[in-house]
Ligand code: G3P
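Taking the form predicted alone, here's one chain by itself in structure tokens.
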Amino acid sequence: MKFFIDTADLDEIRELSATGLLDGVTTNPSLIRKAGGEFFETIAEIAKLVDGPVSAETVATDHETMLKEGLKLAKIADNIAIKVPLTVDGLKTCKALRAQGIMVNVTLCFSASQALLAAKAGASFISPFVGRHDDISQDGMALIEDIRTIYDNYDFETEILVASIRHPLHVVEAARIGADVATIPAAVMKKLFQHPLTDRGLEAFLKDWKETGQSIL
């Protein structure tokens, strides 16, 4: 499974990119506002930091304007994926952008029927929001299972990009189901490294090593 980081914070991206575990980045206007950068400059800098897809979101709601925005954003770098909402106009825009070879991430997916439509429109990625489902007492991971089954039934090439991830278990469950990508907040991604037994084991090893009085270097 590919790991994307869901942020526009350049320092976070640099830090996690250095691990070699980062396959891409997803952004949205809210994340860019939170990071405090200028929209186009921030997207361009992120695209330089990672080799994989960088999602940049349109803000228009009508097809004609959305397409113009998408074409402009796509010129920032070759690895830009245009984010469009899962609406009729969004899927029209998806189809038009894909016809020009531009990656498209269809976002705000909350049902298997929506995911089916996005795949038929040629989406590169579909972004179902599991955390927001959980917030209203629905099973977000059940949605991922349904989409995986449907896509496998028809050999759709659209990649399932699990979004709105709230904790490490979401990542593990997405991998178990067979999602293609998880886009993970930096704080959650760092938690994937953590386990109390790892900490205790390392502490014991270091204590034993110190008592030998030896040095590797």
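Residue numbers run from 1 along the displayed sequence. Quick caveat: nothing in here was measured; it's all calculated off a predicted structure.
If you look for the form predicted in complex with this ligand, you will not find it shown, but the lines that follow are about it.
Q: Is the gap between L31 and this ligand in the model of the complex 4.5 Å or less for some heavy atom pair?
A: L31: contacts this ligand in the model of the complex.
Q: Is there any non-hydrogen atom of T183 lying within 4.5 Å of this ligand in the model of the complex?
A: Contact check for T183: yes, within 4.5 Å of this ligand in the model of the complex.
Q: I'd like to know if R166 sits close to this ligand in the model of the complex, meaning any non-hydrogen atom pair within 4.5 angstroms.
A: Residue-level check for R166: yes, a contact with this ligand.
Q: State yes or no: in the model of the complex, is some non-hydrogen atom of T26 no more than 4.5 angstroms from a non-hydrogen atom of this ligand?
A: Because a heavy atom of T26 falls inside 4.5 Å of this ligand in the model of the complex, the answer is yes.
Q: Which one of these stretches, 127 to 135, 91 to 99, 114 to 122, 140 to 148, sits within 4.5 Å of this ligand in the model of the complex when only heavy atoms are counted?
A: That would be stretch 127 to 135.
Q: Just to make sure I understand: among 63 to 99, which residues lie within 4.5 Å of this ligand in the model of the complex, judging by heavy atoms?
A: Counting only heavy atoms within 4.5 Å of this ligand in the model of the complex, the single contacting residue of 63 to 99 is K83.
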